[in-house]
Structure formats: C-alpha cells, structure tokens
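So this first bit is one chain, no partners, the form predicted alone, shown in structure tokens.
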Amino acid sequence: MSGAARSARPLRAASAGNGVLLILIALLIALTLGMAQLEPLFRALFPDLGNPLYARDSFLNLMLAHIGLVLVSSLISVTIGIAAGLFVTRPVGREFEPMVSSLAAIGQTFPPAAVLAIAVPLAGFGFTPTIIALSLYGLLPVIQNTIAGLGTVPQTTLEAARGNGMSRWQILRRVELPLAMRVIIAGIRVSVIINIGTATIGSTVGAKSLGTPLIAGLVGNNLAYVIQGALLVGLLAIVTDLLFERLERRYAFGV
C-alpha cells in the first residue's frame, strides 16, 4: 500500500466520524425542539397511557437547565481539580498527594443522593444542593488525570527547559501543561460525562433538568416520560463525548 493511501485512511475515518457527530447533533436538536411532534408515535406505542408526552415544561427549557447544571458543576470540579493536581505535583505540596487523592475518591464514592440529603437542609431545594453533589462527584477524574498527565512529562524535557533559563511558571505554562493537556482533557471528559448522567437526580430535590420527566415517569408509572428524558440525556452524553474526543485529538496531534 502506498504512503498516500495510508495517509488517506485516517482522513476518511475522521470525515466519517464528523458525519456521525453532525447527525447526532442534528438529532439531539430535533428531538429537543420537536418532541411534541412524536406524540402520535408515543400514543401508538403506549395506548394505555392518558398522557404519553411530557408537557409540564418544554424539553428546550429542560435541556438548557440540564446543560446549565453540568456547566456550572463541571467548571467548579475542573477549577478545583486542576488546582489541587498542580499543588500536589509541586515540591511544596507533594506530601499532600495521598490525602488529596483520598478525599477526591471519597467524594466520588459517596452516593450523590446522600450528598443531596445532607446539602438540602443546609442549602435548600433546587439548584444549589445539586451543584454541590455534582461538583464533588466530578472531582476525582480531574485530579487523577492532572496528576497523571503532569507525571508523564519527561524529566529530560524539564531539565532542558531549566537549562534554557525558564522560570518555574514558564516551565509549567509552556512545557508541562501543553504536554499533559491531552491526559487532563481526558479526565475532564470523564467528569463531564458523569455529571450529565448524574444531574438527573437533581430533579428529586426540585432542580429543573432532563431528570424531571424521568422522575415524573417513575413516580407516575409512565414509561413514555422515562424514555423521552433518557433519550435526550443519552444523546447529550454521546454528543459531548464525541466533542471531547475531537478536542483530545487536537492536542494529540498538535493541530
């Protein structure tokens, strides 16, 4: 096989991947804006249900509220996680690495429902306790991958940077972070995907999200509501994952 043919294969794969991503984004938007158009389908699938289409709020409002929960909680998780990872990989904070990793692990293994139960009496119902639970739950992948990514930077590269007269800040900004960024983004990717799914439980304490039709369906024994909410959550997670995959590739190939 010629070199041209070998180089064309990854390009074709990337093009096909982009096509799938565009189709999924279009499907997500179409379902978010036009779920009501599927009411005849849900009536046919669930003839015993009096209300087969969730109509207490628009799916667009639920989607925007869900994305807002994920964005705010992920921003908090990423900010704290990267800062903690940077701190424990510096000489001054290296001795705290086991403690920070253990605390982050506890935050993820502690059930989000339990965090909500503790946070509600302190912060009330709705947005705030949900953000607390999601932020704690998303910390571990960010901290672990920040530590792992910075740990993969070759010592020879660091020594060469010091030999060129770079300060510690310049080495971190120009050498360590660019080389570790792909691994760090992989951790952020896991954290965000976890939060997309976990954000649905916020509806149990009054937070508006795509979990609202899910909870309503479970409480009211309405499978159609559950399918509608789960379909949008699943598509949102898949689309977000594919977008992060492309971001990782950019750092992998330096483009």
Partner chain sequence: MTPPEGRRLVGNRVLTTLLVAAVASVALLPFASLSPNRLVSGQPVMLWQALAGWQFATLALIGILLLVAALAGPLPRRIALWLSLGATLPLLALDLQALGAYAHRALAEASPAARVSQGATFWILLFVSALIAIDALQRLRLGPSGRALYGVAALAVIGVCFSGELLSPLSIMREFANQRDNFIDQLVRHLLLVAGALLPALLIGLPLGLLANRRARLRNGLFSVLNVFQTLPSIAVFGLLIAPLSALGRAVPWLGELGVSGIGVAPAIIALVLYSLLPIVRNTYSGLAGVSTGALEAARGMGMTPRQILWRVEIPLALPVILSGLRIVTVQAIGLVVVAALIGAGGFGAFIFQGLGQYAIDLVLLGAIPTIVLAVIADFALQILVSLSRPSGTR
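Predicted model, so just to flag it, every value in this text is computed and none were measured. Numbering follows the first chain given and starts at 1.
Unshown form predicted in complex with the partner chain; subsequent notes refer to it.
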> Since the chain is shown here on its own, which stretch among 72-80, 100-108, 151-159, 174-182 would lie within 4.5 Å of the partner chain in the predicted bound form, judged by heavy atoms?
Replying inline: 100-108
> If you check in the predicted bound form, is residue 238 within 4.5 Å of the partner chain, heavy atoms only?
Replying inline: yes
> If you check in the predicted bound form, is residue 200 within 4.5 Å of the partner chain, heavy atoms only?
Replying inline: yes
>> Can you work out whether residue 189 and the partner chain are in contact in the predicted bound form, taking contact to mean some heavy atom pair no more than 4.5 Å apart?
In response: yes
> Any chance residue 214 has a heavy atom within 4.5 Å of the partner chain in the predicted bound form?
Replying inline: yes
> Which of these residues, 53, 31, 223, 63, gets a heavy atom within 4.5 Å of the partner chain in the predicted bound form?
Replying inline: 223
> the partner chain isn't shown here, but in the predicted bound form which of 49, 38, 67, 230 has a heavy atom within 4.5 Å of it?
Replying inline: 230
>> Between the shown chain and the other structure, the Cα gap of residue 190 to residue 112 differs by 3 Å or more. Is it closer or farther in the predicted bound form?
In response: closer
> How does the C-alpha distance between residue 76 and residue 107 change in the predicted bound form compared with the present structure, closer or farther, given a change of 3 angstroms or more?
Replying inline: farther
